[in-house]
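One chain comes next, on its own, written as structure tokens: the form predicted alone.
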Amino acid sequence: MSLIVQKFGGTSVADPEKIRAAARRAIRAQKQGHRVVMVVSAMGKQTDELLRLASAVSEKPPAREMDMLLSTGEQTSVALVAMAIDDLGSKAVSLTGGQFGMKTDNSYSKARIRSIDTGRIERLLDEGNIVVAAGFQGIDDDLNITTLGRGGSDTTAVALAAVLGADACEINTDVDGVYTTDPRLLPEARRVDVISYDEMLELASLGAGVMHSRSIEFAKKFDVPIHVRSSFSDRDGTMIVAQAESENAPVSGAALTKDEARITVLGVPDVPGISQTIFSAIAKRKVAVDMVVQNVGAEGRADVSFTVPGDELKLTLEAIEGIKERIGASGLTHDANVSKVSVVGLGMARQKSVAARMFRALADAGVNIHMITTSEIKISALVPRDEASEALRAVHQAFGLHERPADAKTWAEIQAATGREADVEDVVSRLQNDALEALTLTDISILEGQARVTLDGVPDRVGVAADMFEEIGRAGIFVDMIVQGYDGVDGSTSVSFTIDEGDLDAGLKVAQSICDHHSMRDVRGASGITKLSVSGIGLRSHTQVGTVLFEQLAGAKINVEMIATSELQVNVVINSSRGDDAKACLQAAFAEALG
């Protein structure tokens, strides 16, 4: 008999009528022959009310007591849902996280799952019950109640689906699936039938609110199909699986992260260890760094630019001010009025000129680009905040995201072609090693035979990036990494990109033409560089990856020339003479995560 995990968010159980509707949906699935586990969030705004109560009695509530308090929201919901199922004539048992065997570490408010004992759930299912499990919570080794943090109920649902070998995990929410962008921002956004784990991870990290990235990490790690659908209709929704909807479409979605702030540390010595010092100082303040651009240094100095959430700008500036003299920086600039527009798609890794197409769309819309960073499946551009909505509309239209690709496949078609069988024994073996939520790296690799071209003094005006990369595309040169950061000289920017070493002469010739046409300051190029990539699942939620990478390279006295980060990869450019050394030291540092 198949097993389905159904998760119901707070809006789906916000009042008695919605609780009974959720109960009926679970009963219907059971009558169709499925064993059913429900994972339920706190009702509506109940968590907000609990937070208000806590602040009313204490200016700084202890973390342990906050978890004790907040966990009661889910306990209320699961009891009411079980009562509704009983009243509708079916059997149900409600369980807290501790009661169904969710063991976590003791990091209050952001606990990580260590293991799940499924014995009690299995017994209750065998007895014909619908099991109603509290999301968001577990217990540590001392039986303290812990909570999982943002998106915790989604994480609970997918983790249970993984360990139970569920056929699918349904995320029942107030939207009817995943869209090509936020339909509240663009009414023409299209609901997609299928989206890949990797694409969804990138979109979730960019602020797509349908699901939290941590739950997608679980699904990717254990190959759990996720079905995102509306609690209030029977529409099919969206399947999140390993495959993309289309093999040929370069882009599957676009996202806007509106409240960003850009910080640039100017004129730091271009020597090993500087990046590690900067980002360690920020990490100590618990600030999440997003776009990171270290451009190629000139005259022994380099500029490091990065973005942080707008509400963490002040904290970040304090961290940098504390180390500015120690690292020998010549200055510090910031801009609090920027937003990030991004496009994501598995197809862009196989197609040329995707970046140029995006940049041209922004240029035609009159949107200026302040920073650029790319990965294999994502391109992000930092733009003025007052132009952000127009930027999103422009790139969405440029890639035809409102139209269904001609080769788009449904989940049924993908399933028929590939099949799927959960490897429950593999999941159980990893659980026995307390590794359910451990960092999982898929590869540490070096790409040799690369060259780098840098354009200095790039005018900070509309259309320049589009002109540059269209001309490079017309020359038949395939571009890999692109980074654009603040230059620190006369308000201009600096753009670097990597190409195959055999294309360096042609690349420099094109770059010189671009330089002359736009009155840029200089063109520089270098061969003998290597791209070092750390790839894996959960690079954003496991924030130590970047810190360890920079620490290891600094310890080995390996200088970093360029940096570009994403949800799935951290990429750095180094001198080829140190490529094997860099790979070896990172493999040693991450041996456990590599398995």
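Definition used throughout: the rigid core is the maximal C-alpha set that superposes within 1.5 Å between two forms. Please read all numbers here as calculations on a predicted model, not as lab measurements. Numbers follow the displayed sequence, beginning with 1.
Note that the form predicted together with a small molecule isn't included here; everything after this is about it.
* Does the 4.5 Å heavy atom contact test between Gly347 and the small molecule in the model of the complex come out positive? -> Looking in the model of the complex, residue contacts with the small molecule do not include Gly347, since no heavy atom lies within 4.5 Å.
* Would Thr530 count as touching the small molecule in the model of the complex under a 4.5 Å heavy atom rule? -> Thr530 lies outside the contact set for the small molecule.
* in the model of the complex, does Gly151 have a heavy atom within 4.5 Å of the small molecule? -> Yes - in the model of the complex, heavy atoms of Gly151 and the small molecule come within 4.5 Å of each other.
* Asked: Any chance Glu74 has a heavy atom within 4.5 Å of the small molecule in the model of the complex?
  -> Yes, Glu74 sits close enough to the small molecule in the model of the complex that at least one of its heavy atoms falls within 4.5 Å.
* Phe136, Phe469, Tyr486, Phe306 - the one with a heavy atom within 4.5 Å of the small molecule in the model of the complex -> By the 4.5 Å criterion, the partner-contacting residue is Phe136.
* **in the model of the complex, the residue from Gln30, Asn559, Gln552, Thr47 that sits within 4.5 Å of the small molecule by heavy atoms** => Result of the distance check: Thr47.
* Asked: Exactly one stretch in 544-552, 35-43, 561-569, 55-63 has heavy atoms within 4.5 Å of the small molecule in the model of the complex; which is it?
  -> Among the listed stretches, the partner-contacting one is 35-43.
* **Gly152: Cα shift of 2 Å or greater between the shown form and the other one (core-aligned)** => Gly152 C-alpha, core-superposed: shift of 2 Å or more.
* Asked: Can we say the CA of Gly253 moves by at least 2 Å between the shown form and the other one when the core is superposed?
  -> Moves: no, less than 2 Å.
* **Residue shift check between the shown form and the other one, rigid core fit, Ala134 Cα at least 2 Å** => Shift of 2 Å or more: yes.
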